[in-house]
Structure formats: structure tokens, C-alpha cells
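Encoded as C-alpha cells, the following chain is the form predicted on its own, with no partner shown.
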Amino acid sequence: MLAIAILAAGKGTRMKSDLPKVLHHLAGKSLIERVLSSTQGLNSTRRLIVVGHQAKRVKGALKNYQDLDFVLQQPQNGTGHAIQQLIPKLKGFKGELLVLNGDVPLLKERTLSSLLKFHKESDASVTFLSASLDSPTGYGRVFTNQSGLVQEIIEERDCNNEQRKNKLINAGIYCFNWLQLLDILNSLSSQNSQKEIYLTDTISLLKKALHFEVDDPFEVTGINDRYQLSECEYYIQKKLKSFWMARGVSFVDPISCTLSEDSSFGTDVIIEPQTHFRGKCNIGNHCHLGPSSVITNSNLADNVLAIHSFINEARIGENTSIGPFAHIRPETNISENSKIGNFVEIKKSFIGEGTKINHLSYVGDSTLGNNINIGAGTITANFDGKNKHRTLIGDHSKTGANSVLVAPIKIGSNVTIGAGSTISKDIQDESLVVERSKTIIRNKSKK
């Protein structure tokens, strides 16, 4: 049996933020969500989150995780004190306890699996992740005997000058035999420079303590400030872009672009500078995206061009051109061979095959058929002050420049609407519509 405890009670003072540290984002996901992701395949029977600072806010951010059990640590008196709060929750539990930190977001699931395997095969009381660092400043040092057994971990602030020269550090990720830990957990003392109860003090008290050194020390990087957050962001982005470039994606300027881990790309995709992908994006083959575009939770088919545009929660059909300076808003579905031009905004609408909305238009809550031409400055007036209404336009229809369609309205197929018209009534198929007031011209010099 395996229980997992994630420590997420700290304030994160060095972040200089009102937001709890574990809720800061890294490549689109919060730190604690990343830690949770690394535990998905570990077959745990319990996942416990130790909360403290802004506990309600942390709980609220994780409300979609149905299997989590929250444990309050109040006050926050160290890592050992945090684990002591688990005692009532784990009454009768006889398995292993994996302890993770909510601010160590780069851990891989396979690393944790290897740690658990090593721990069980060694029949250890505790096994923890370690790393050899060229610059170990800020980390507790690990001291072993000639047999490789860990004798103690000394926090850096409690090390003397000689002990600080040790480059083997404790990564703060532990796997305990819970029953053996339970025997000594309440005997921990706060007699140290921080006056806190350290979980590291359990190492010298347990029968058999081992460490498991990670292959990539950066994997156990903890985040304490915004500079470290940016370092981890750079690390993730570099790996993501390297992965996709090896699979046929070209970045004109990789450093200026960002990806989400949930995005996927076809081959021969060209991504121009300052283009960003957020959430779950699926990009087809031969797309040309950017410069300066933001694509969020959207699906783009093959051969889509998007220049200087925002595409958010939308579906774009193949051979479609977007922009420059277009805004495609949520619940929009644009069919193949369409053209959405400069300064066009589309919201919650279906755009049929071959339809062109070339410039300066707003289309909201609408269904447009195939091969429609929307003239410059056409507006679907969808809001009456209380409710949104739909506009329906049939195949092969055209609107003149500066037309206003007052919804709810249905425009038939093969309809031509004259420039400057304001239409508020349904129009039958095969109609020509011109709606203008009479022009009045007066000589201002005559009274």
C-alpha cells in the first residue's frame, strides 16, 4: 500500500506575492498540479495535501481532483510537524508513505517509480532522493558511512564550514515505512536554529536510511523565488521546443515563443517569433503561425495561416487564413478554405466553407453558410441589453460595407445586402435588400 503526502502549507515569503507559492504557474500549470501529475501512475491508495497558508484558496484551486484528502497544518512549524498532522488520517495504515513538496514541480513519474522500487527492494526504513550539486548552497547535506547507509542530514544553516563543502544534498523527497516512522515521529525536537521540527531528523533515528541519487539534478529543483521560477520555465520550454523541432516543427526564434505541454504539432509547421500556445492545442501539418499570435485550447487543421492574431477555444478548418489582427473567440468553428481578415472579431459562431470576412467586422452568435462574403464593417448586433440572439445567413449571400444585422434575424441564400443597410427583419432567398433613410441636404446659410 502507498500513501502520498504533498507539503503545501508554506507561504513562500521570497515569492513576494499574495498568491500561495504552490499556486504559481509554470508553463501553464500550477506548481502543485505538476507535482500531482508526477504521481498519477504510482497506484497510491491515498493522496493527502498538507495545507496551511491560505488553505481555502489552495483547496479551491484543486477542487477538480476528487481523490485528495486535505490536512491542515496550523501553525506551520516545519516539515516534521507537517507529517505529524497525518497521524490521525493514517490510523491503521501499514504501507509506505511518499512525501513530496508542492514547490518541486519538475519531478518525473519514472524517477518516483524508481525510488519506490529501490526502497522496497532494499527493505529500508526510509529512502530519499539525493543529488550531487556543484553549487549546493541552500540545501541540507547528506552524510553517509562507509557502507553507504545515511547517518544524518544536516540543514545548511546548521552546518559548520567543513560540512558545507559536502556536495551531496537532500532533495526533500522521502519514502518511509510508515509504521517505523510512526514509532519515532512524535519524538522529534525543535532544538535548532529555526526552532522548527525537521523531517530530516528522522533519518538518524530510523534503523535503515538510504539515499537514491537522481540522474538529472535539475529535476529536484525547488522554487523559492521568481528567479527560480523563471529558470524552471526556461528549462521546460527548451525541452519542449527541442522535442518538437526534432519532429519537423520550425521555430524562427525559439527563445521568444512558449509552448504548453498539452500542445501537439504536425510536420512542416512554421512558428514565427513571439507566438505562444496555451492549454491544449492541436496543430495540423504545414501551418504557418505568427508572428505575434496567441493560440489557446484550439484545434487547427492543415495549412492554416494565422498572423498577429488571437485564437481562443476555437476550431479552424484546413486552408484557412486568419489575420492579421483577428480575434477568434471561444466556441467558434471556422470551416475549410475560409478567410478571416484584419481587425475581424468572431465569437460563438459557425463559419461555413469558403466564406470570407475580410476586414473590420464583428460576427457574434451567428451561423454563416458556405461561400458568403461579409463586407467591410459588417456588424451582427446580437445583444438587446439583456439577452444574446443569433444571426443566420444562407449560402452565397453578400453584405455590403457597414451593414448592421439586428438579431434575431435570418438571411436567406443568395441574398445581397446593400452597403450601409440596417436590417432587422428576416430576408427570403434570392433577394436584394437596400435599407437607407432618405438623404436630406440643406443649405446652412439659409434660415
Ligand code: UD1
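The first residue of the shown sequence is 1; numbering continues from there. This is a predicted model, so every value here is computed, not measured.
Missing here is the form predicted in complex with this ligand; even so, the following discussion is about that form.
- Partner proximity in the predicted complex, defined as non-hydrogen atoms within 4.5 angstroms of this ligand, places exactly one of 321-329, 250-258, 183-191, 147-155 at the interface: 147-155.
- Residue contact with this ligand in the predicted complex: Thr200 places a heavy atom within 4.5 Å of it.
- Residue contact with this ligand in the predicted complex: Ala131 places no heavy atom within 4.5 Å of it.
- Contact annotation for Arg14: at least one heavy atom lies within 4.5 Å of this ligand in the predicted complex.
- Taking the partner from the other structure, this ligand in the predicted complex has no heavy atom within 4.5 Å of any heavy atom of Gly317.
- Checked against this ligand in the predicted complex, the candidates Ile351, Val363, Ile271, Ala171 yield a single residue with a heavy atom inside 4.5 Å, and that residue is Ala171.
- Exactly one listed residue, out of Ala82, Leu98, Val294, Ala376, brings a non-hydrogen atom to within 4.5 Å of this ligand in the predicted complex: Ala82.
- Scanning 94-109 for heavy atoms within 4.5 Å of this ligand in the predicted complex gives Asn101, Gly102, Asp103, Val104 in sequence order.
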